[in-house]
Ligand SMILES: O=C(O)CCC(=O)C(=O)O
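Quick heads-up: it's one chain on its own, the form predicted on its own, in structure tokens.
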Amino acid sequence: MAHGLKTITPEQKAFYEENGYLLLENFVSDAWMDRLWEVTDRFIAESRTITKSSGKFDIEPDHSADNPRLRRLSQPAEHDPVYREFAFDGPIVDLAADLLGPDVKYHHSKLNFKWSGGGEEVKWHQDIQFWPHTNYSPLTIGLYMSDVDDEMGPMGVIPKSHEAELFDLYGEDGNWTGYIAEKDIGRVPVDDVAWLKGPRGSVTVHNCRMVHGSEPNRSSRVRPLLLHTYSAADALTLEPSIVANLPLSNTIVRGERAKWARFDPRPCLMPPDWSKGYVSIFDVQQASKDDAA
């Protein structure tokens, strides 16, 4: 492909840089999808044996062995070699290199299920406040493991919001909520939302400053979204990082380790002390909503 790009065109790269997101339909092959589904089915079966959320599985309150309702499998690349191979050597790594390269670092992964019949919404938020870096290069690549339409709660992004305001994700009581407060959401052009839908194997890309979220899954189908976050190698994580102690975090997946760190002059909100307990964004947002009710 022209200009040394392996997976996208120069026009697509320019679109990402201007708008902060991409949607690439049918990006991942059926062969990869079959392998990923085989291992995912095994983890769904394993989840039937648990009764409460943990650092590995995040479950909805009515999850049971007969009716599994997973919200998230945390850090899949840490749990299975197929997930790890996809994170380090799959086609999305070349995509990350096209957008960030030549030197690219893996940060973390997660598999959000958004179960059928009401799988929970994700309120408007930005990612970088959860895991600050010295610059704003980090991006997240999501893989739709099933066909996704409007009824399934696709990811919604606010174009160009990655170059606008970075929001405070703490509530008025000083506690972390993980979403943009109602008093601030008026400054977000939510009417401009782009809902990222597509067939199985499609990928989404969004910058770490992008305002994004999703509605509940109102369909009878599960909407698994496998997410991987990468950064330019010169983006260093800042403490306290939510994934600071993961064995695979900060692995160089393309190119070389950075000799110099790059610092963006724009400030970044710092998160709370994660060591006091954290399961997932679903857990935090739902707890904050319940407290406000």
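Start at 1 with the first residue shown and count on from there. Since this is a predicted model, take the numbers as computed values, not measurements.
There is another form of this protein, the form predicted in complex with the ligand, and it is not shown here; the text below is about that form.
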Note to self: For the interface check, one of 104-112, 164-172, 73-81, 87-95 should have non-hydrogen atoms within 4.5 Å of the ligand in the predicted bound form; which one?
What the structure shows: 104-112
Check: Taking the ligand in the predicted bound form as the reference, which of 258, 238, 44, 227 has a non-hydrogen atom within 4.5 Å?
Finding: 227
Check: Which residue among 128, 143, 122, 158 has a heavy atom within 4.5 angstroms of the ligand in the predicted bound form?
Finding: 122
Note to self: in the predicted bound form, is there a heavy atom of the ligand that lies within 4.5 Å of any heavy atom of residue 223, even though the partner is absent here?
What the structure shows: yes
Checklist line | Contact label in the predicted bound form: residue 214 to the ligand, heavy atom within 4.5 Å | finding: yes
